[in-house]
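Below you'll find only one chain, the form predicted alone, shown as structure tokens.
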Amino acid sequence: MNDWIAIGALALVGLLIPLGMMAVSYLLRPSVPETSKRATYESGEVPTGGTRIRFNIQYYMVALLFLVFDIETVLLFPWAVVYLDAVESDAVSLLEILGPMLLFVAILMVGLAWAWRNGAVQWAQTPRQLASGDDRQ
């Protein structure tokens, strides 16, 4: 039971330190209300136009694809390290070793093919697409 007390104490300290810092900063901060504090800050420049502009969805799609394949890499490296030890020990078959990872990579490749087919990774249109009027992006 002593382990749980230590974990509880650590969790309590982990909560009290940030809450205490926020309370101290709330009590010590200067309170000078100004309307200029609510203005959008543009690196010292006067903001022009509205703040609600639309971004191209492809920026988000590329970021999402990057995260998916970055996580794939993070999962592949430990598997590759364990793979050699598993092959050398005759305790498991090759299909048991390669099967789950090949299924994992196959699912990711299907997702990449789907994203490619739907134009998630297409930044510009080719002259052929412009001539045919295909504006799918």
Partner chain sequence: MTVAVEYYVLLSMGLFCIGLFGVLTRRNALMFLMSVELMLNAANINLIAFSFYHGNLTGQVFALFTMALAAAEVAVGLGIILVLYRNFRDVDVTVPTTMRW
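Residue numbers count along the first chain shown, from 1. Keep in mind that this is a model prediction, so the values were computed, not measured.
Beyond what is shown, the protein has a form predicted together with its partner chain; the following relates to that form.
query: Can you check whether residue 74 is within 4.5 Å of its partner chain in the model of the complex, heavy atom basis?
result: Yes - in the model of the complex, heavy atoms of residue 74 and its partner chain come within 4.5 Å of each other.
- prompt: Any chance residue 67 has a heavy atom within 4.5 Å of its partner chain in the model of the complex?
  reply: Close contact exists here: in the model of the complex, residue 67 approaches its partner chain to within 4.5 Å, heavy atoms only.
message: Whether residue 57 contacts its partner chain in the model of the complex should be assessed with a 4.5 Å heavy atom distance threshold; does it?
response: Within the cut-off, so yes.
Heavy atom within 4.5 Å of its partner chain in the model of the complex - qualifying residues of 92-118: If the 4.5 Å heavy-atom criterion is applied to its partner chain in the model of the complex, 92-118 yields nothing.
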